[in-house]
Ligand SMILES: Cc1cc2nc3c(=O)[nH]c(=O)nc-3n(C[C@H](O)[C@H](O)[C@H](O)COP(=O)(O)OP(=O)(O)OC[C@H]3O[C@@H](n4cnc5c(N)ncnc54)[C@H](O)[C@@H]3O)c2cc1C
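Given next, in structure tokens, is a single chain: the form predicted alone.
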């Protein structure tokens, strides 16, 4: 029987970041994940920014998150000798003079000053519709998540530490000092299954919701936009006149099938921002793991301290996953308490008897 420190179930963003951080700390990991071409982590634009742009407010504990994010990126690129990160200017479109004034006011806030260029940016693009210009967000960028996941999976496979299959909960044996899955034993098992946590018998009491999102990749010939532009949608430049446009939010559909309705919604919103006729190259759909209080789900099962969950990262998963993964490792290795806002103890009353 093979022995590891940790079994990680799921190799999306959460599972990849956690497993990489554990390996950096000298821990052995065995990852179980059914390979799928299209998942929310793989199709996500991979853009991050430190602000909630709808209200011009800082993200939750953003000051504590940026350094772990940059450390993760640096360590990952050095480990694999590959570039996965691009610093990126983010421009938030203004819709009125009132929004311009609010931007100016918020930029004087001590917490927001490091993230906001107080000067307005006049629209330099003839094919972008933005009469009131833009506000520029500082400390934004993009990580190629699909490349990160692929590189790490290849390393795990080369080390014989990856099993490509749907996890069988009935095959998990829970012992007082270990967990055993078929021919693999570990001190602890961590479930990082994304939206599939709703099928997990240990954690399906947690209020995680499947939120469907769809994106399109379009060709906008001659647009030549270099910035990530945010309005009621986002357009992310990919090069060669290609842009990723998204995303939709659908709380009713629970599948990963692309819909005509979502494509038309995105194209209608794109027409409000861009005057160039788009050519749709690709459409993608995924299910995001979201939580009703918009906080992640971390911690040990109420009855089994060697069964752990790391989930519910939501739309800001890239920004918060390195920070929260280090917090979870401290919890698992040293017994350091988790932040109560993300600790699953807040939902203990919802667990069935």
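Positions refer to the first chain, counted from 1. Keep in mind that what you see is a predicted model, and the values were worked out from it rather than measured.
Not on display, but discussed next: the form predicted together with the ligand.
The ligand is not drawn, but in the predicted bound form it has a heavy atom within 4.5 Å of residue 40. Residue contact with the ligand in the predicted bound form: residue 196 places a heavy atom within 4.5 Å of it. Among residues of the shown chain, residue 45 is one whose heavy atoms approach the ligand to within 4.5 Å in the predicted bound form. The closest non-hydrogen atom of residue 302 lies beyond 4.5 Å of the ligand in the predicted bound form. Every residue in the set 33, 36 and 313 has a non-hydrogen atom no more than 4.5 Å from the ligand in the predicted bound form. The stretch that touches the ligand in the predicted bound form, counting heavy atoms within 4.5 Å, is 160 to 168, out of 123 to 131, 269 to 277, 76 to 84, 160 to 168. In terms of contact with the ligand in the predicted bound form, the residue from 13, 19, 342, 332 that brings a heavy atom within 4.5 Å is 13. Annotation for 270 to 302: interface residues with the ligand in the predicted bound form are 286, 287, 288, 289 [heavy atom within 4.5 Å].
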